[in-house]
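Next up is one chain by itself, shown in structure tokens, the form predicted on its own.
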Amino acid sequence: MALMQVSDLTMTFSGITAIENLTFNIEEGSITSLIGPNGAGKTSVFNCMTGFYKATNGNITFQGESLINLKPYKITQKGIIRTFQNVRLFKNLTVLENVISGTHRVTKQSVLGALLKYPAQRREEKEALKIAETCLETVGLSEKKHQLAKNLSYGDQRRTELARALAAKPKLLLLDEPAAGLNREEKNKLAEHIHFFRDKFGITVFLIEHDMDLVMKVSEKVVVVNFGGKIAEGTPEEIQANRLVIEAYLGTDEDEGGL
């Protein structure tokens, strides 16, 4: 079953087409990757999915409901949670406090309840703490939960961001280049986390990634875009053997710029 459907998606900026008639599905419970050369339109797709960009044409549906024209916070409330290319943590808060901030989607108390410390608010605070500590344990950061985020290594900041996303209890987790800046060991651990999120918590995962080793290791389906349009879709094995994909990344014999 398709959890999300992208249908004929088009996005233009001042006459420049970033995405053109893009169509694909994200099946529930799957791990799907979106790949393509630099400037192919991948992040624009994420931004349309999460309401940061308004599509020029086409539709995006999630669990059968259109996301077009919804504000980002409304999309987040539906269970679509994303990370970003650049780590976005509250640097002067602790690791634990950062992850607790991710529980906002699943808490219900009002600002007044928080100020007056109603019993329901205190129960929610305990539950948020429990969720955050579980998420930190999942990514292996329990021992660093009281450190300030700014004092973490880059790899640990990435893991904190993953834990915060997990704390929001996503139905669909969008990872924007999660392996950027990680070493080989950290990338291997990331692959384990992605599989664990899906297998343990039933989270559907959709990622943009340039690291082909990671893509081929974790993905069940790969969608390839170039110049904003889809040029291929299939299993990792099919994508590795696809002539159009090879040409998009490496160029043809006639392309002087081919690598």
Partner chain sequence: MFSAWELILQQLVNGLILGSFYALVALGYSMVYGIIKLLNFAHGDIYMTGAFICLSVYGAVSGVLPGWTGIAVSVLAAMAVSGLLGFLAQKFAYRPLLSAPRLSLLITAIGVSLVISNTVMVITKSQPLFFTSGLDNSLGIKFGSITVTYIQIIMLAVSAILMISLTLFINRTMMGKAMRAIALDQDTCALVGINVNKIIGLTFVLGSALAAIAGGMACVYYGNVQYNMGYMIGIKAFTAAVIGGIGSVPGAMLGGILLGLLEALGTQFLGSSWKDVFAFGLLILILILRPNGLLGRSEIERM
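Since the structure is predicted, the reported quantities are computational estimates derived from the model, not experimental observations. Numbering follows the first chain given and starts at 1.
The same protein also exists as the form predicted in complex with its partner chain; that form is not shown, yet it is the one meant from here on.
47 is the sole member of 226, 33, 47, 204 with a non-hydrogen atom within 4.5 Å of its partner chain in the model of the complex. Of the candidate stretches 24-32, 52-60, 204-212, 191-199, only 52-60 contains residues with a heavy atom within 4.5 Å of its partner chain in the model of the complex. Of the heavy atoms in residue 88, some are within 4.5 Å of its partner chain in the model of the complex. Heavy atoms of residue 154 never reach within 4.5 Å of its partner chain in the model of the complex, leaving it off the interface.
In the model of the complex, its partner chain sits beyond 4.5 Å of every heavy atom of residue 158. Although its partner chain is not shown here, in the model of the complex the stretch 1-27 places heavy atoms of 13, 14 within 4.5 Å of it, in sequence order.
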